[in-house]
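Below you will find one chain, with nothing else, as structure tokens; this is the form predicted on its own, and questions on how it binds or moves follow later.
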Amino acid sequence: MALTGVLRPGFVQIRVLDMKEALTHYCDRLGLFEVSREKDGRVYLHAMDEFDRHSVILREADQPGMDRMGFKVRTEHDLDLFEKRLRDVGMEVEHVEAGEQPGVGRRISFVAPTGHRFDLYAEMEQSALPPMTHNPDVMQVDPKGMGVQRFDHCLLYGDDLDGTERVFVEALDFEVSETVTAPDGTRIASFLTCSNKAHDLAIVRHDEKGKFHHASFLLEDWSEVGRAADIITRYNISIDIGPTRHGITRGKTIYFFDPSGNRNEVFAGGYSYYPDNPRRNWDADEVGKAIFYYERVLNDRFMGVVT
């Protein structure tokens, strides 16, 4: 599949309450690697199978949650094109100078109708320890913790789901791969992709703007999800649910919380999406099976706990 325009989720900036505890969690337990600590207090991390310099940024703050999510686009020309298209659909676009994040070129930034801030950028320095490219072994460095391979996607909660979906589809060329719909036709959840993954961004309708449900990290297979569960139990990490499987996207999954209360997911699998695929839809009365395919019911934490 020839990817153009928006390539993939590039980074997420997460607010944490205690940086020392957060680094133990994200580095020693999930298996991310520390890249740098900057003068403004932000700490930059990357996963073992990522070419770019960083994909997770931690910022110590008074409240947990997500500051912003960034998507990488293919070229600088695409960045200019998307700025115009975002303005055409009514978005106010801000410019972020190159170097505001170390190793990252200029960015454009906008706040979606759900209240979440998103950035687009074309340039980021390569990781100091990228995946090998010449006679490549399967890993450049030994995995640690859960051994997450990459930052994969976010699920976000906000009020104007329809407006945010429209921005991503009309201005940024995302496709809606899967939905959950109420009997009156109201969209409850939307799963959007800019690639051939089942989703790169998911949005759930919620009364409040700007809420963060989870950041998700890819594992190689179902056995690695089970190993992640072993680590969660070994270190008494607060668990939400799993290991289990989704009906939506078909991913094998486990959900748990960082020390600040931000939800993480590690998952494996899921179907491949192509733009000529029909959209998959779930009825609201089947949402338990859609989210947790084995249990077929939702738990209160999954629906109610957001940061």
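Since we're looking at a predicted model, the values are computed, not measured. Counting begins at 1, following the sequence as shown.
This protein has a second form, the form predicted in complex with a further copy of the same chain, left out of what is shown; the following refers to that one.
Heavy atoms of Arg117 never reach within 4.5 Å of a further copy of the same chain in the predicted bound form, leaving it off the interface.
In the predicted bound form, at least one heavy atom of Pro136 sits within 4.5 Å of a heavy atom of a further copy of the same chain. Although the partner is absent here, Asp142 is a contact residue: one of its heavy atoms lies within 4.5 angstroms of a further copy of the same chain in the predicted bound form. Taking the partner from the other structure, a further copy of the same chain in the predicted bound form has no heavy atom within 4.5 Å of any heavy atom of Arg263. With a further copy of the same chain left out of view, the stretch that reaches within 4.5 Å of it through heavy atoms in the predicted bound form is, among 98 to 106, 183 to 191, 203 to 211, 216 to 224, 216 to 224.
Taking the partner from elsewhere, every residue among Ile232, Ile239 and Asp283 has a non-hydrogen atom within 4.5 angstroms of a further copy of the same chain in the predicted bound form. For the partner-free chain shown, Asp173, Glu175, Glu178 of 157 to 187 come within 4.5 angstroms of a further copy of the same chain in the predicted bound form, judged by any non-hydrogen atom.
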